[in-house]
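Next comes just one chain, in structure tokens: the form predicted alone.
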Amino acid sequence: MAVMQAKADALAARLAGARPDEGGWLGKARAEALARLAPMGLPGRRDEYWRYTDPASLTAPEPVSAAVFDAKAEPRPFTALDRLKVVFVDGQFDAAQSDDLALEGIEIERLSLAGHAANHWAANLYGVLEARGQTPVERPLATLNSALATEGVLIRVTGKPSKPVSLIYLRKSNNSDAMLHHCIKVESGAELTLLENGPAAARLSKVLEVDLADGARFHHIRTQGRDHERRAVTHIFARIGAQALFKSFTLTANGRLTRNEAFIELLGADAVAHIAGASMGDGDFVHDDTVFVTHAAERCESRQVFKKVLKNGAVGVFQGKILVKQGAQKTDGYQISQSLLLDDDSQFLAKPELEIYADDVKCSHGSTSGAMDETALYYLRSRGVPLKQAQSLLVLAFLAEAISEIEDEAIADDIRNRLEGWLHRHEH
């Protein structure tokens, strides 16, 4: 009883003074989200899926002040790529820094401007996948986002755009508290590459709802870095149709606390979902990947590949589950979570799970944690490779399986360059 009261009190404090939009399809969706949220309250450390990560700074009424990281000499990700840029500063759309949103095969609108449009396609998506993702595990921070998010983009893809859409999150304030909510609908046979990068805010809440029709393809690559003191919670909810492809990769470096959740449903036969991540933590760093993949159709494939490199007391968390429903025969599910601990002070906490109700499946999961391979290090050193360079090479080799999930080689090379730069800056 006391726990539920504490969760309710935390929600009341968080909602104090909040004024969600009223009217239109968006106002209706927000009201429904608030109704769903009321019996949940906000999460606490005693919740099963928060036992490894303290959500207090994410649920507090005000964000903890976080100094803006000065990275003038550090190039931003994806700068060499031809892309359509959509820029947000402290959670607010910046038209001056953004490109023209017109592009063949795609429609892009701002959430704040489309909320009152009649018969809008996003009315059947905003908050809908998030609501589906509340079972069997409640995700109240995602519901809070659906109720209060102030900005975001609505993207409907009908063809194959000539370049990726790049969402860039900048920040100027030490106390910014941003909520962004994006909806992506990829029609049958269409394809989209979505890039995301930047710190966004001192505290960020972001939800991405992705609906893939039969035969659609979606590639998602994001980097979370630069700011040392930022805190963030992100959610991906995806619904995948027959023969559709969903691929998501996240690179995380720095940050005081990052919690990335994903809830993926494979609902059509022969659907494919790959979700991967590489993270590097140095010092007072907590990085949590929590993933739930549901197989609800025949001959579907899923992969979860997560690698973490931790030093100087950093903490890495992985909670991953594969659920195979009755009738989802010929399922191929793969899950691996591994950490490389570069000292005795860092720790990796893992909770891999399988739940299977079909009898003709191939599912595997594994989790390992260990130090750098001394034999491999000795081999490189004996051939004249300097110690720091040898260690960096082994770290890159360790992360290679996660990076290989990126299909576009130019983007994969950009990610590798980011990793090499981070390793070089953290050699001492």
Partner chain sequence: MLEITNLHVKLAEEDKVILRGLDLKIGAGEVHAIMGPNGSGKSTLSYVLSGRDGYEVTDGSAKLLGEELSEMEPEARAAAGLFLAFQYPVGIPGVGNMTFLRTALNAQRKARGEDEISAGDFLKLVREKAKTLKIDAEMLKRPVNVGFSGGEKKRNEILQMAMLEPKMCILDETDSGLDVDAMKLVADGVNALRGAGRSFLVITHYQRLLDHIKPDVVHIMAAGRIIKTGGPELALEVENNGYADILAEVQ
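Keep in mind that this is a model prediction, so the values were computed, not measured. Residue numbers count along the first chain shown, from 1.
There is another form of this protein, the form predicted in complex with the partner chain, and it is not shown here; the text below is about that form.
Residue L380 is the only one of V68, M372, C363, L380 with a heavy atom lying within 4.5 Å of the partner chain in the predicted bound form.
The listed set L393, V64, A38, A56 contains one residue whose heavy atoms approach the partner chain in the predicted bound form to within 4.5 Å, identified as L393.
Though the partner is left out of this view, A376 does reach within 4.5 Å of the partner chain in the predicted bound form, counting heavy atoms only. Within 4.5 Å of any heavy atom of the partner chain in the predicted bound form lies no heavy atom of S367. Interface membership of V385, defined by any non-hydrogen atom within 4.5 Å of the partner chain in the predicted bound form, is confirmed.
Across the options 43 to 51, 355 to 363, 394 to 402, 28 to 36, residues that bring heavy atoms within 4.5 Å of the partner chain in the predicted bound form belong to 394 to 402.
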